[in-house]
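First, one chain by itself: the form predicted alone, in structure tokens.
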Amino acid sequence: MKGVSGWFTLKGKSVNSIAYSFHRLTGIVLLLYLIAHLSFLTSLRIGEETYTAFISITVRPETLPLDSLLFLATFYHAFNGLRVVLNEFGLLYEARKVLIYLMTLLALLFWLYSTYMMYVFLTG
């Protein structure tokens, strides 16, 4: 047993195991984002000025890389989760390796497009 560090040991692992490791990692990232998001929303109970101050920290060009990485984690987790569901129901199980590459490609395409749109939105 290697614990969490074993998730990222590539030697001797299949593509399916690596995809599963990234799925767990992106799940943790999304959980941390959810906690931060709920904390921001809870600041509304303190007052609108506090909420506006928190939001002004996050919505600016300097935070674009973090938002972009959040989108990458979200798209990877969503598409890989869809792959896992399909395989669990026995659908496309024979093509599971191809499906990993296809879902990763879709996640990357959605990530690039969303990052571009976010950049255009923030910079005008």
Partner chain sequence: MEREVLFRIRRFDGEKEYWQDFRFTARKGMTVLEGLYFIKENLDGSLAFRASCRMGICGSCAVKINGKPRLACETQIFDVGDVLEIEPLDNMPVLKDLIVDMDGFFRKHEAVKPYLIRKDDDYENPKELLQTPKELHAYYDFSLCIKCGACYSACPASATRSDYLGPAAITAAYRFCADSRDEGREDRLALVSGSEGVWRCHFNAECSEVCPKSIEPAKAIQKMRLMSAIHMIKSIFR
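Worth saying up front: this structure is predicted, and the values here are computed from it rather than measured. We call the rigid core whatever largest set of C-alpha positions still superposes within 1.5 Å between the two forms. Residue numbers count along the first chain shown, from 1.
Quick note: we don't show the form predicted together with its partner chain, though the next part is all about it.
Chemist: Whether 45, 48 and 121 jointly form a contact site for its partner chain in the model of the complex is the question; each needs a heavy atom within 4.5 Å.
Modeler: No, none of the three is in contact.
Chemist: Taking its partner chain as it sits in the model of the complex, is residue 37 in contact with it (heavy atom to heavy atom, 4.5 Å or less)?
Modeler: No, no contact at 4.5 Å.
Chemist: Decide whether residue 110 counts as a contact residue for its partner chain in the model of the complex under a heavy atom distance cut-off of 4.5 Å.
Modeler: Outside the cut-off, so no.
Chemist: Would you classify residue 88 as touching its partner chain in the model of the complex, given a 4.5 Å non-hydrogen atom cut-off?
Modeler: Taking the distances in the model of the complex, the answer for residue 88 is yes, it comes within 4.5 Å of its partner chain.
Chemist: Is residue 20 part of the interface with its partner chain in the model of the complex - any heavy atom within 4.5 Å?
Modeler: Judged by the heavy-atom cut-off of 4.5 Å, residue 20 is in contact with its partner chain in the model of the complex.
Chemist: Looking at 65 to 73, 49 to 57, 91 to 99, 28 to 36, which lies within 4.5 angstroms of its partner chain in the model of the complex, counting heavy atoms?
Modeler: One stretch meets the cut-off, namely 91 to 99.
Chemist: Could you list the residues in 4 to 19 that come within 4.5 Å of its partner chain in the model of the complex, counting only heavy atoms and keeping sequence order?
Modeler: Stretch hits, in order: 4, 6, 7, 11, 12, 13, 14, 16, 17.
Chemist: Using a rigid core alignment, state whether the CA of residue 10 is displaced by 2 Å or more between the shown form and the other one.
Modeler: After core superposition, the displacement of the residue 10 C-alpha between the shown form and the other one reaches the 2 Å mark, so yes.
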